[in-house]
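One chain comes next, on its own, written as structure tokens: the form predicted on its own.
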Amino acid sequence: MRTLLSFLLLALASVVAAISTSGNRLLVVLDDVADKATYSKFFADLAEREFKITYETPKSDSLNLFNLGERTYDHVLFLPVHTKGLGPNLTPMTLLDFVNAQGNILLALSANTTTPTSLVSLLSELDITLPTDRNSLVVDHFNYDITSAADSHHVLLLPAPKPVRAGIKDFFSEDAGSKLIAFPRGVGAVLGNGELLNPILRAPPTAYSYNPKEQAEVVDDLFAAGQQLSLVSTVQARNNARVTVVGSAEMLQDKWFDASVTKLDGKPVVQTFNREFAKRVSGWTFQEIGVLKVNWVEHHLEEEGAPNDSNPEMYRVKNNVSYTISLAEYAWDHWIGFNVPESDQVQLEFSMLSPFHRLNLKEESRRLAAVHYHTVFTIPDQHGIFNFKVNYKRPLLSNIEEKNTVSVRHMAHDEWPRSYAISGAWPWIAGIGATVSGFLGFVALWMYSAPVAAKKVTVKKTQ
């Protein structure tokens, strides 16, 4: 069914290492190139993952995201800057064009620095709202580091985030153990209702957004509170480009990587999970994890004596058909088989204008860097143009939309079953037999019955 060449190509794809499925050219935009020393561990991790990093300031003349209509960089990382604007090369429209060209953006904010208007406009287009007061930060009087924020309570200590619901793959809390994420002097955002938005890290129920310049003892007008505040937010566009908003750039700095923190509850000192969390957030944004692909698709007749041709262009109504799709997932530097999370299913739609079948695909086998999902079904009694369609779209995973079009013909005259093989036709066959038998009997009776002899009539003559 599949040639040896397809197996060789799949094997080659599984062993070839690549840092990111979308490229390794990374642009870092920061206030001063010397500021990169503050994030040396973070940039060292990126360099170890073979990213080619270019550092630029917003006003640099050489800064350009496009050249002759093509992307100059594959990813952009924005760190806090003290300018309100980012210049003519980083306008909101340019950044949207970069996303539409499948570029990825990681945006780090800070409550100590005003967010540039270009980035505010970009986030507004993505339905992410920041506080109107640019000096607002998130505080929590119950979940803070008592060592570094004993009075201000603006260094939040949070557990590694788990999936918000069942059926979503866990990328950010695996192997976290008892470590906590330190979120110092951060900005919280409010997400809209768009289906492309996903919060990674939410504020605890006791947190709220607060402007430290307001000296009032009671905060009457809150921007948002509790889990309305998204501290780390993601957007995955329909073209699989990714945008991530990290509310605290300071959590990426060296001093918070593997730092020691203590919560208010008096529990022992624990290490922060910031370094690993930053790796996973950047890895997801730059498409090193959570990327799916279709290796191949095969459908064929599943009937005795039928030709074993792969992916024919035509079927007949009521044929039994087998469908198999091979899926793989990219994990940092290699492809592995994609395992569907628990409480989730990959589904196949066999549809014309609307689905005639919607079937769960079951795991059939594992070969090399792939998992094969399979089902068998009967084509409906309807001829026309149909599609085999797998439309798998889940949070934090790249979209899969695989469609294969086939024609379904009606049954030929010599393909219908004989009438005597259909039990429901027996009364009609009996009726036809009775009618024919009666007609033949009548004809026979008519043909072989002698006519009645005529009687002689005697006429008497009178004299």
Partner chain sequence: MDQSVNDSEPLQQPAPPRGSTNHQITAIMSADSLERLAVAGKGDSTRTLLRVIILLLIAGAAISSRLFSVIRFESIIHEFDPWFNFRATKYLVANGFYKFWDWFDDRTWHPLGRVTGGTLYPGLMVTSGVIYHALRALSIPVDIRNVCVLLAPAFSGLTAYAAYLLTNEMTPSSSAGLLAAIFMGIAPGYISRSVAGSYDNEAIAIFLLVFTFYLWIKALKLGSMLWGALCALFYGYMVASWGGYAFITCLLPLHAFVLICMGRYSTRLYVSYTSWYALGTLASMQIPFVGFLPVKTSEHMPALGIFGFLQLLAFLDYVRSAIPSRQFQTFLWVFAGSVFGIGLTGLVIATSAGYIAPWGGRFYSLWDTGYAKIHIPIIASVSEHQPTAWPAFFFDLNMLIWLLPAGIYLCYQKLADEHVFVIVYALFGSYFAGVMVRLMLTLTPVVCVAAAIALSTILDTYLKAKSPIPEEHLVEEPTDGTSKKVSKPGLRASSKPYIGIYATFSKVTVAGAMTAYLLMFVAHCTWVTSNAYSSPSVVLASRMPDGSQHIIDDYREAYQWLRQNTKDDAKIMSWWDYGYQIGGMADRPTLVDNNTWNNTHIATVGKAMASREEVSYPIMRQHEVDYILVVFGGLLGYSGDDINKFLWMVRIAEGIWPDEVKEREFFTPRGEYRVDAGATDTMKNSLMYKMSYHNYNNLFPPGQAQDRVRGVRLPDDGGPVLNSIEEAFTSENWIIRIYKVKDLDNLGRDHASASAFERGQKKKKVIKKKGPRVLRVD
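Heads up, when I say rigid core I mean the largest set of C-alphas that superpose within 1.5 Å between the two forms. Numbering follows the first chain given and starts at 1. Since this is a predicted model, take the numbers as computed values, not measurements.
Absent from the display: the form predicted in complex with its partner chain. The rest refers to it.
Taken together, the three residues N100, R202 and I385 all come within 4.5 Å of its partner chain in the predicted bound form, as judged by their closest heavy atom. Proximity to its partner chain in the predicted bound form, defined as a heavy atom within 4.5 Å, singles out one entry of N239, Q345, S260, S310, which is N239. N198 is the sole member of S209, N198, Q253, T244 with a non-hydrogen atom within 4.5 Å of its partner chain in the predicted bound form. Shown alone here, E125 lies within 4.5 Å of its partner chain in the predicted bound form, counting heavy atoms only. Its partner chain is not shown here, and in the predicted bound form it never comes within 4.5 Å of any heavy atom of P159. None of the heavy atoms of I379 is located within 4.5 Å of its partner chain in the predicted bound form.
Within this chain, H413 lines the site of its partner chain in the predicted bound form, having a heavy atom no more than 4.5 Å away.
Residues with any non-hydrogen atom within 4.5 angstroms of its partner chain in the predicted bound form fall in just one of 136 to 144, 288 to 296, 159 to 167, 367 to 375: 159 to 167. In the predicted bound form, M352, L353 are the residues of 340 to 372 with at least one heavy atom within 4.5 Å of its partner chain, listed from first to last. For E70, the Cα coordinates differ by under 2 angstroms between this form and the one not shown after the core has been superposed.
Shown in the overlay between this form and the one not shown, fitted on the rigid core, is a CA shift at E48 smaller than 2 Å. Relative to the superposed rigid core, E415 undergoes a CA displacement of at least 2 Å between this form and the one not shown.
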